[in-house]
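The chain below stands alone and is given in structure tokens; this is the form predicted on its own.
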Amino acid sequence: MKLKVYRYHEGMKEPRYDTFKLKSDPSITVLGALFQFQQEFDDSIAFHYSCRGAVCGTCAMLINKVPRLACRTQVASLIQGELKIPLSEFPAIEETVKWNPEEEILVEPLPNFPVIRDLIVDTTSFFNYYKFVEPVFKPADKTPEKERLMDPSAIPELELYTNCILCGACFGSCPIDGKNPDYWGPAALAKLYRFHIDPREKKGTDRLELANIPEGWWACEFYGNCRRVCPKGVPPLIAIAKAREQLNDINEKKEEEP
């Protein structure tokens, strides 16, 4: 099997693809394959990784035209066609280079992000949107002597969104982020909703109103790619739909008021 890797650095007129024949190893991951590439073919290749345990999210990249974590994606499973994920198409994930998915693993940088070098992308806008949602706990009461207790029944819904590792796979798979750079994106909105439903937060609609703008809740068109590629199963679409429903209810009540 072979690894076909996107290469780019500042000053190049256009990117190129390098192909490397991998040593036979049924357990190797795409991240492991990149290490082989680096050690035996070209040590100048640039890519991010950290925990190697699908926790930090730094090794997210486009693998066989699907955003995935390189550290948890096995090469053999890709070649055998076991990891296919149907996505709503948009220009950034269309085929732009010839490759044979039965023999080659195609590795490219995450879409919807500016490429800095090879597989490394600039995540500045992604994390700026994350800062916009003010992802800091805002409690309703003063700091208690021991701890804040929470009804256990609230935990399952909260955990849907706290599992996000900010890898950017959802942002890279979103057709709206691809055509509207001002859209805050699935990860930021899911995080915003997570704080809105936290029973320990002060009551009110401040969190909802924060993204009550065209680039916030209302820009999503519910393609669903974000949920399909999320390595942790976070469902931004559910958060966005519920936020819209609650905002619509609020507006209806305001209109009914004398």
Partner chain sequence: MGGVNVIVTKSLNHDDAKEKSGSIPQATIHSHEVIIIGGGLTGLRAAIQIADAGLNGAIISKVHPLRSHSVAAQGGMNASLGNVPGEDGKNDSWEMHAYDTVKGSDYLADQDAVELMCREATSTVIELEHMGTVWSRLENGKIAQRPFGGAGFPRTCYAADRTGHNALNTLYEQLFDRDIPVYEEFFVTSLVQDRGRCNGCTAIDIKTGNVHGFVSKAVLMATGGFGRIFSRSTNALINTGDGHALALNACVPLKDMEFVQFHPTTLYGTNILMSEGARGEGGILLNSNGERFMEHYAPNSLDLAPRDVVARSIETEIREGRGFDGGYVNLDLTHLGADRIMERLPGIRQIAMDFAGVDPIDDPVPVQPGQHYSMGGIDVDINGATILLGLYAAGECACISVHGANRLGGNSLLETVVYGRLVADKIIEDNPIHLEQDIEPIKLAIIDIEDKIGDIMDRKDNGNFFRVKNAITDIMFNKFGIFRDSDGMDEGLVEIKNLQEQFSKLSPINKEKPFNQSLIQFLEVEGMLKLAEIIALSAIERKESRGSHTRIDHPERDDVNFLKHTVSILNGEEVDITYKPVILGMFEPKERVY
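Residue numbers count along the first chain shown, from 1. Just so it is clear, the structure is predicted and the values come from calculations on it, not from any experiment.
Beyond the structure shown, there is the form predicted in complex with its partner chain, which is absent from this document and is the topic of what follows.
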Candidate from I93, I79, L87, C164 lying within 4.5 Å of its partner chain in the model of the complex - any heavy atom: C164
Heavy atom of W99 within 4.5 Å of its partner chain in the model of the complex: no
is_contact(K179, its partner chain) in the model of the complex, heavy atom dist at most 4.5 Å: no
In the model of the complex, F195 touching its partner chain (heavy atom, 4.5 Å): yes
Proximity of V75 to its partner chain in the model of the complex, heavy atoms at 4.5 Å: no
Contact stretch among 115 to 123, 101 to 109, 182 to 190, 169 to 177 - heavy atom within 4.5 Å of its partner chain in the model of the complex: 115 to 123
Within 120 to 141, the residues that have a heavy atom no more than 4.5 Å from its partner chain in the model of the complex: I120, F127, Y130, K131, P135, V136, F137
